[in-house]
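Below you'll find only one chain, the form predicted on its own, shown as structure tokens.
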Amino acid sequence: MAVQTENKRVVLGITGSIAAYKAPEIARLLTGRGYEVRVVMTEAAQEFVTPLTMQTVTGNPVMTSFWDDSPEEIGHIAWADWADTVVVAPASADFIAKANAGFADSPLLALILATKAPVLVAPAMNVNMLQHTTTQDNMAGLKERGVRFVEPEEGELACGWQGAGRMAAPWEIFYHTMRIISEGDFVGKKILIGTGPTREPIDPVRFLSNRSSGKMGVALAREAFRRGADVTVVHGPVRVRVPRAIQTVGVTTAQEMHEAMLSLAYPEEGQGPDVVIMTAAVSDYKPKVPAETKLKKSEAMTSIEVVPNPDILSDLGSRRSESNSPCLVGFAVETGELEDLLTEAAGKLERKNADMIVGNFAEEAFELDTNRVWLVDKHGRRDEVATSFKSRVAQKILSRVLKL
């Protein structure tokens, strides 16, 4: 399946930090998306990773000196004009201090002064250096001038210390880069997403559940984040890998998911979300009385008495205001014929008071990285989104949400 590509241009700046070894992976992720990447390295950065490595990964020359300029152009000025965004990863304390003071004694610092493109900085340093008031003041000064930061992670540092200061993961920087240069059509919007399965305990070691992986909801969360939204994800017991700026709420049972989704969709204080998307595969039933201890095989349990779980999508729809806010999107999964799926989606649209139902087949969705869906909305449209990666399907879903 073809890799999704975008005609975007990124200047990747690398400074003197042991975290520079992650820079080739950042460049690889960006070029894999179809971005054209040019690299500018400080003198200290070249002690950790070679210009040849970065040139090989990006397929472009690497700028390391003012004195490499050709007579036809001044390199750091030309690249500053060329860039759609400038990403500095890793950014050392020295670089941050000089950038805040307006120094231009390296091609990277001069480029930062010359560019009109948005700048993203990923700090990497010892925890004490990061927490020092001078570093914090320098970071605050850059933020006041519009520079954005991917905050460092906590953990074991190269110096042996424990704490904040480790550069954010390459994929995290990658998503923040995409967010900066996206169309931004969801900026200022809040999106709440429910995803994954739920588990209903039979006894302390057994449960009723389903095959949902949560991948569709994760794809929607990443895509909404990329396009500028403020995103919250309520997820069942599955691994959810999303940018740290996305708030995540983990739950296990349908009742827990019901309480989390309703409280976040309709908060007692503050503004609720603009869009609620319920992709979760919620267990319809739960054991009436879960056993307090493990049921033994010798007890020969042949049936389980069950009771219905709350209908989360229906309860979300019933509480919407007269203005039909928030926009509500649900999912329907079937295993039969297409006409059965479309009929169920249309019926669910009416019963749940939703704006759109996304229909899909279990065998084409569960536990897969791809999906094929049909978008059935309140205006009577029924559009198929052909089989593709769930990230692309998420794009189509969110673009339709904008029209709703």
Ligand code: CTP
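In this text, residue numbers run from 1 along the sequence as written. Since we're looking at a predicted model, the values are computed, not measured.
A second form of this protein, the form predicted in complex with the named molecule, is not displayed here; the remarks below concern that form.
Stretch-level contact analysis of 243-251, 177-185, 309-317, 227-235 against the named molecule in the model of the complex, using heavy atoms and a 4.5 Å limit, identifies 309-317. With a 4.5 Å cutoff on heavy atoms, residue 73 does not count as touching the named molecule in the model of the complex; it lies far away.
When contacts are judged by a 4.5 Å heavy atom cut-off, residue 33 does not count as touching the named molecule in the model of the complex. Of the heavy atoms in residue 79, none are within 4.5 Å of the named molecule in the model of the complex. Of the heavy atoms in residue 330, some are within 4.5 Å of the named molecule in the model of the complex. Within 4.5 Å of the named molecule in the model of the complex, a heavy atom is found for none of 337, 372 and 376.
Though the named molecule is absent from this view, in the model of the complex it lies within 4.5 Å of a heavy atom of just one residue from 284, 153, 203, 259, which is 284. Contact annotation: of the candidates 99, 111, 280, 119, the single residue with a non-hydrogen atom within 4.5 angstroms of the named molecule in the model of the complex is 280.
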